[in-house]
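A single chain, nothing else alongside it, follows as structure tokens in the form predicted on its own.
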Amino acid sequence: MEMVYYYDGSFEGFLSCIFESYAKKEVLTAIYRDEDAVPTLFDCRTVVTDQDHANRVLRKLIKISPSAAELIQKGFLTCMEEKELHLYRLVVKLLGEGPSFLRKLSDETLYPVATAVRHLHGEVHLLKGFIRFSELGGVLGSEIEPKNRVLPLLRTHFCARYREDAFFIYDRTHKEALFYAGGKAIIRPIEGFQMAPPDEREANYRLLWKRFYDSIAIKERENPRLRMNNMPKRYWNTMTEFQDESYFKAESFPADAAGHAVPAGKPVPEILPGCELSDPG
């Protein structure tokens, strides 16, 4: 029986959809998040996230192929269109045929997922160098605008790099943030975020970085096309060296700028116990 499933948008919810489809012998033609509901002629229903069902599916995937389980987890973090349906079809083929097809990168089921994950890895690699932190009242803060949900993969790198500091990275695209302090890190959704303005010391550091960037440039050897190849323009909006004058203007902190509380809500897609994601090299 062909069905359309709706779920809460979490990775555990997606795995629960897979469990339900096998338990009820239903073939899925689409999987949508609750907020993305669209009119359809197919029968549809909402699948409630069940942690036990999700863990059972993940353990099964790991048993068949740990690398496939990791690919599916990372695929869920990508901006691939209809990613849930692509990942569902990959799971169905994996459970039906085994992992042998994973060696064929041209496989029609594997190819879109593998391509999306390569794009994810590429964005993670670039952001390790493109993220710019500001010192805000003893906390390092930054903002990014990625296409993919990169925070779970950036976490290992930056938590190791700033082990003794407190920091956060806010993802404007997906409205979620990575918070780190005291050796503990967490990723949570956060709405209505606005970065606090810099104090005089931070504003001076920003200006120094901007002047350093401008001063090392050799005018006679400027190559805008090469620069955009190495530093894609879509990342410039959050990089210190490309900001306008207002970004370097010091302001006093508002009285209520001590910090933003982390709102309660569903967790963003992270790593389920039993299958830790490796940090892409």
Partner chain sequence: MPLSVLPAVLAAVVQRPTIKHTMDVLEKLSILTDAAKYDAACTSSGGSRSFKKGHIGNTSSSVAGCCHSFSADGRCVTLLKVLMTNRCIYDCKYCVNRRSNDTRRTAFTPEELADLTINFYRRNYIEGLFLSSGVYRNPDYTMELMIQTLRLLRETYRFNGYIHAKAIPGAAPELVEQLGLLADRLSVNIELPSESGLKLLAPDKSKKAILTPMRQIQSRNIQNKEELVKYRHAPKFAPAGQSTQLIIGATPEDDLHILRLTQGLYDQYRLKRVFYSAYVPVVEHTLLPGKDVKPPLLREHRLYQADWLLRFYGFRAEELLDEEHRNFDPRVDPKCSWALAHPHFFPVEVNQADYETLLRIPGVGVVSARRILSARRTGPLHTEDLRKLGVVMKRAQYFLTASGRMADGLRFNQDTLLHNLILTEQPSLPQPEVEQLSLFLP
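From a predicted model like this one, the values you see are computed outputs, not experimental measurements. Residue numbers count along the first chain shown, from 1.
Not pictured, yet referred to below: the form predicted in complex with the partner chain.
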Stretch in contact in the predicted complex with the partner chain, which is absent here, among 70 to 78, 144 to 152, 98 to 106, 85 to 93 (heavy atoms within 4.5 Å): 98 to 106
All of 27, 39 and 122 with a heavy atom within 4.5 Å of the partner chain in the predicted complex: no
Proximity of residue 186 to the partner chain in the predicted complex, heavy atoms at 4.5 Å: yes
Any non-hydrogen atom of residue 206 within 4.5 angstroms of the partner chain in the predicted complex: yes
is_contact(residue 49, the partner chain) in the predicted complex, heavy atom dist at most 4.5 Å: no
Contact label in the predicted complex: residue 34 to the partner chain, heavy atom within 4.5 Å: no
Residues from 176 to 202 in contact with the partner chain (non-hydrogen atom within 4.5 Å) in the predicted complex: 179, 181, 184, 186, 188, 200, 201, 202
